[in-house]
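Taking the form predicted on its own, here's one chain by itself in structure tokens.
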Amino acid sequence: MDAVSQLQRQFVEYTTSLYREGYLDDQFTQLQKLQDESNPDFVVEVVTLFFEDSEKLLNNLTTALQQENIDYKQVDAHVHQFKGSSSSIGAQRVKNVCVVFRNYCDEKNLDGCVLCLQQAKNEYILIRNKLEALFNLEQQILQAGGSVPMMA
């Protein structure tokens, strides 16, 4: 098996594992379908914006939950935005944490909010690292002269 075929197989197996383990959902597939020859970096660009946005939102949430008088409406607004952006790229596990986080905001449960913030940070770091690894694999395939396999 040549290097390109091996990289392509690795790409398919890795992508499949991201779906199977719940890191990604069908929204990521929809995002990939929007990418074409006229915009070959579409997915990377959208996901990079998600990364930048997420860093800001997580910092805002950390600051908001450290205030003496916590504005749970503001916290909820940040979580709602984080849920929306993670949902738009198919980051399923991040989105799922945000659903629970919003419930704690409704209950004004500080301990629950702090716990969810830590979980959201952890899940965000995981998906960021996994997507960066996926994009790195894509680059290796392209640099070796191959084409990136389309996932069904």
Partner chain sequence: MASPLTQIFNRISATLHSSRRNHSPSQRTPRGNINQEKFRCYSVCVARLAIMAMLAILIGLLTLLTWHFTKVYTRTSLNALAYGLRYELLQRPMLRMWKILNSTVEITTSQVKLSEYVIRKYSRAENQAQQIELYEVMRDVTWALFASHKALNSMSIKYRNGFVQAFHRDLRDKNTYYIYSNLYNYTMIGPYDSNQTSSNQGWNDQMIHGNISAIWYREPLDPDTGRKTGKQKEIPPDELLNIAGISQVPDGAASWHVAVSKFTNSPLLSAALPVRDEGGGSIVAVVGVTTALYSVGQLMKELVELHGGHIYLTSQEGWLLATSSSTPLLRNSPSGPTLMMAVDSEDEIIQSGAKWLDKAYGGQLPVNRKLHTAAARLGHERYYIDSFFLNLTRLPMVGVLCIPRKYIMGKVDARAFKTLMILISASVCVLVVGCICIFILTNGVSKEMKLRAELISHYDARRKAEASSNFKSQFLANMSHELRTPMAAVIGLLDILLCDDRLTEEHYSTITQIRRCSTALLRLLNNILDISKVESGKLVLEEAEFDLGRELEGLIDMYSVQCKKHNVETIIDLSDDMPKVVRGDSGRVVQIFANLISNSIKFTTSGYIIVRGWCENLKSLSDNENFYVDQKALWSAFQKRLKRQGLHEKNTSCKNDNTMILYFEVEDTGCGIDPSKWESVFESFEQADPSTTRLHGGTGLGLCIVRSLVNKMGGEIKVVKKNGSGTLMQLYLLLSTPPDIPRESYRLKFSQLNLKVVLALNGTMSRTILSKWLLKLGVPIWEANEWNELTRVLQEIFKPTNYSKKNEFFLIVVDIGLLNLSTDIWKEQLNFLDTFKKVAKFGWVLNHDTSNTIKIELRRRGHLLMVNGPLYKAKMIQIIEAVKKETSPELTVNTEQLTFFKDAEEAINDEEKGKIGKKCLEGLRILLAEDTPVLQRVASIMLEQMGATVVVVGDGAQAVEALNKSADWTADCTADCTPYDLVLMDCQMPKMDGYEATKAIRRAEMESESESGSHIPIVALTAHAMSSDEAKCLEVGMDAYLTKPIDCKLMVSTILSLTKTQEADDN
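The structure displayed is predicted, hence computed values, not measured ones. Numbering follows the first chain given and starts at 1.
The discussion below concerns the form predicted in complex with the partner chain, not included here.
Comment: the partner chain is not present in this chain, but in the predicted bound form one of 114, 70, 126, 46 has a heavy atom within 4.5 Å of it, namely 46.
This chain lacks the partner; the member of 118, 62, 39, 109 within 4.5 angstroms of the partner chain in the predicted bound form by a non-hydrogen atom is 39. Contact check for residue 122: every heavy atom lies farther than 4.5 Å from the partner chain in the predicted bound form.
Proximity of residue 101 to the partner chain in the predicted bound form: non-hydrogen atoms within 4.5 Å are absent; the residue sits far from the partner. Residue 97 falls outside the set of residues with a heavy atom inside 4.5 Å of the partner chain in the predicted bound form. Residue contact with the partner chain in the predicted bound form: residue 55 places no heavy atom within 4.5 Å of it.
For the three residues 21, 136 and 148, a heavy atom within 4.5 Å of the partner chain turns up in the predicted bound form in no case.
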